[in-house]
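Just one chain is shown here, as structure tokens, and it is the form predicted alone.
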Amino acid sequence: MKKYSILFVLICFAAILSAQTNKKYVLVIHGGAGTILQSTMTPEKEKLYKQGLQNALNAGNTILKNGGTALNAVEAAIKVLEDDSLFNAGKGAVFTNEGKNELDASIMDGKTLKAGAVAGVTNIRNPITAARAVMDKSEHVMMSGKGAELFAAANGCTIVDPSYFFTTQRWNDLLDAKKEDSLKALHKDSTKALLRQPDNHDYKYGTVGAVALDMYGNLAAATSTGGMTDKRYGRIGDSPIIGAGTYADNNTCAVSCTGWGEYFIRLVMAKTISDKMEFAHENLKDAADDMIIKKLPALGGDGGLIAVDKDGNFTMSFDTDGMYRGYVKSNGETGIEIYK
């Protein structure tokens, strides 16, 4: 009789666990939006970008399909992109006017609304792990500069010499940006004909992001960036700002943004999409498209975002010529795209 009682308890436990999981999950990632044209992309470079995105998807998908959380999945995906020098985050971070790399990152748990962020850090190999540490191991949401670096070191994050972040491509981008600034001063009226056009921000901006819905119905979002090429005065964009560049709420959606950060901050982009869903009862795609396709360019900004809602619907909205992006679903459906 006792044997049957134990069996009954196990069956009930399994039933409860099954009821708590919908077995459906989604992971969406981005590697930045901009004037990304197939006509100017070599096949070799395109292959490298797609492989980088695939590696990030694989890292997050492995966690989700084995019953892991959305929070762990987005962190894992971001770490892969931070370690890939093609993307403006971690190893591929751009240089400031002073020739330094200053990195920002944030992460948010849609179940609890807990969040963590770091800004202006210079020696943390994976800023997203530092953001996660701020969320999990402190009572704060955001830390910056030296304080964030000390906290990260004390909480197990990998610390590297700042030279780790150096890449020749990013250094050349800085030199070009400085040259352009000099030409602007000398030729205010003819700058458009020289080097990069001032309305093409792609060489200056870049971000990576991930959003996920796990099989328990929980959402999470994470974003990481090296900031803006040739920036001065400790400028910080939207990526580490909860509600602007990153947001997640189990009742609505998870969002990660990329683009001209000042405008995403002014629009409180990520939180506004969540609010439009909650209070105006808009669906995810309509809410995202309204903000990215209408509100953002109306102010003079550009960029894109990825988002997934509580039901597993996702969108990848952008108003530029391209956005490095990819997704994977629990049913095996997957895709990676670059161009519009």
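Remember, predicted model here, so these are calculated numbers, not experimental data. Heads up: residue numbers just count along the shown sequence, starting at 1.
One more form of this protein, predicted in complex with a small molecule, exists but is not displayed; see below.
Undergrad: Though the small molecule is not shown, can you say which of Gly259, Gly110, Pro127, Gly209 has a heavy atom within 4.5 Å of it in the predicted bound form?
TA: Flagged contact: Gly259.
Undergrad: Can we say Asn88, Met228 and Arg235 each have a non-hydrogen atom within 4.5 Å of the small molecule in the predicted bound form?
TA: Yes: Asn88, Met228 and Arg235 each sit within 4.5 Å of the small molecule in the predicted bound form.
Undergrad: Have a look at 160-168, 146-154, 209-217, 235-243 and name the one stretch with heavy atoms inside 4.5 Å of the small molecule in the predicted bound form.
TA: Of the options, only 235-243 has residues within 4.5 Å of the partner.
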